[in-house]
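Shown below, as structure tokens, is a lone chain in the form predicted on its own; questions about how it binds or moves come after it.
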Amino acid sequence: MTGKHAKCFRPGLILTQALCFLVLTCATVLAGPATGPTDRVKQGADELIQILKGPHFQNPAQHDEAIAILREAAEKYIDFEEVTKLTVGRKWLDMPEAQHKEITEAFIKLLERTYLKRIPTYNNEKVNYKKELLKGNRAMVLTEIVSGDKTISVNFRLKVIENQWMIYDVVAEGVSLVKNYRSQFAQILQDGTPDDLIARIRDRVKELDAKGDDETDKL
């Protein structure tokens, strides 16, 4: 290499640039979640099963305590604020931060009363992990829950939130949790306010506490 090009050829500079590229490339790879979507769902399912096998769930007198343990575990794998945001829809954007927290907490209690309290004790159910669909920072994990001679299709929708995969929707036998409640929320918000929605959710929680499980997820 001669002349002008020879003066520009600086091995040290090229090596530095190469190292920078390598570091940036590695940083990009390392910046992703350490655990993939299927493994995240499996971690959550395994933890849930261990709780269901535990002494709290075997003793009816400790059922409320068991539900509290289940909720604490669920919050590690489910982003309930994201679930609530998607369920509320565009109206979420008009709500202040304080109202986001109010409606999220009310909705968690509703889901807790509606679903967690229905979960029976563990009876050797098995979870088959069938497939993982990945697109950017979103994924769907397709599973089957086998209980005796029954098989239920349950798919988990996840997205990367704060550098880890978090569940934001559950689709059981084709019915989406988010879509199911979104239509009910939209009906209340069509003629009412966010405060009306929060009040209705809280009233429904009180109804469930008073009556127990009525096997419906209607508001």
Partner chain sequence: MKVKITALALLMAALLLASGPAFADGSTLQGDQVAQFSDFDEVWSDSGHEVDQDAPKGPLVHDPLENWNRIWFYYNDAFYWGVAKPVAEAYAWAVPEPPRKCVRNFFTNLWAPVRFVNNILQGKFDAAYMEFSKFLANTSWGLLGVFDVTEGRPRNWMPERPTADGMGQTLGKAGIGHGVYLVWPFIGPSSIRETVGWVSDSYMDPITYGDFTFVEFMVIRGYKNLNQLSLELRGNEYETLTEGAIDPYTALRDAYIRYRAKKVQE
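All of these numbers come straight from a predicted model, not from anything done at the bench. Numbering follows the first chain given and starts at 1.
Below: the form predicted in complex with its partner chain, not depicted.
Three-residue candidate spot Q50, D64 and A98; no residue lies within 4.5 angstroms of its partner chain in the predicted bound form by any non-hydrogen atom. In the predicted bound form, no heavy atom of Q164 sits within 4.5 Å of its partner chain. The closest heavy atom approach of V175 to its partner chain in the predicted bound form falls within 4.5 Å. Within this chain, T104 is remote from the site of its partner chain in the predicted bound form, having no heavy atom within 4.5 Å. Contact between T193 and its partner chain in the predicted bound form is not found at the 4.5 Å heavy atom cutoff. Interface residue among V127, I108, I78, L142 relative to its partner chain in the predicted bound form, by the heavy atom within 4.5 Å criterion: L142. Residues K85, L86, G89, R90, L93 are the ones in 85 to 103 with at least one heavy atom within 4.5 Å of its partner chain in the predicted bound form, listed in sequence order.
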